[in-house]
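Encoded as structure tokens, the following chain is the form predicted alone, with no partner shown.
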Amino acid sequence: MSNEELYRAREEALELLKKAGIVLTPQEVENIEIADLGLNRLREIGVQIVVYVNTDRVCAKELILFPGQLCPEHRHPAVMDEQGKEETFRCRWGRLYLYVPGEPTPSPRANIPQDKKETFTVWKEIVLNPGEQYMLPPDTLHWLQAGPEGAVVSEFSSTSRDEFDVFTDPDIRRLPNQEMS
């Protein structure tokens, strides 16, 4: 991604956070991660992340998704002695469609790019509106999509080790935070 694309994505993420009433410190603004997951299709597939804290016991983040943006299907496996990340998603603004294992929803709201349909395998839809939350057990396959206005979602979890996430799509590369120069 170009520096201009990164800048625009960061500015848009800040606008959505403002709509959610979430205020960041200057350092948090500077450290917003723009994760295009190596696909260079950020508007369709990716996520913007603010990490507040990530210790050896807990993690707290904001996930910012642009309108219709997908955070693709993945799971958080066991790492070393830990059983994998347990996480709770709490919608702060907008609408979030969360997909998990279980009985597939007959008419899901998801809009998946045709060339990636085979990389989405769980279709039980959980709809989260502001103030609603959902907890995922460790190592649970899941994916997210923002509604038509976008979404701001707080994530509370055990330790986050994003570099060990397992994505269903073999083309995805979980790259570290991209810096603007």
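Please read these numbers as outputs of a predicted model, since none were measured by experiment. We number the residues from 1 along the sequence you see.
The same protein has a further form, the form predicted together with another copy of the chain, not shown here; the description that follows concerns it.
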Worksheet item: Do Asn31 and another copy of the chain share at least one heavy atom pair within 4.5 Å in the predicted complex?
Response: no
Item to complete: Answer yes if any heavy atom of Asn40 is within 4.5 Å of a heavy atom of another copy of the chain in the predicted complex; otherwise answer no.
Response: no
Item to complete: Give a yes or no for Lys117: in the predicted complex, does one of its heavy atoms lie within 4.5 Å of a heavy atom belonging to another copy of the chain?
Response: no
Worksheet item: With a 4.5 Å heavy atom cut-off, would you call Pro138 a contact of another copy of the chain in the predicted complex?
Response: yes
Worksheet entry | Stretch in contact in the predicted complex with another copy of the chain, which is absent here, among 66-74, 109-117, 141-149, 22-30 (heavy atoms within 4.5 Å) | 22-30
Discussion item. Let me test this: is every residue among Glu82, Thr88 and Gly131 within 4.5 Å of another copy of the chain in the predicted complex, going by heavy atom positions?
Written reply: yes
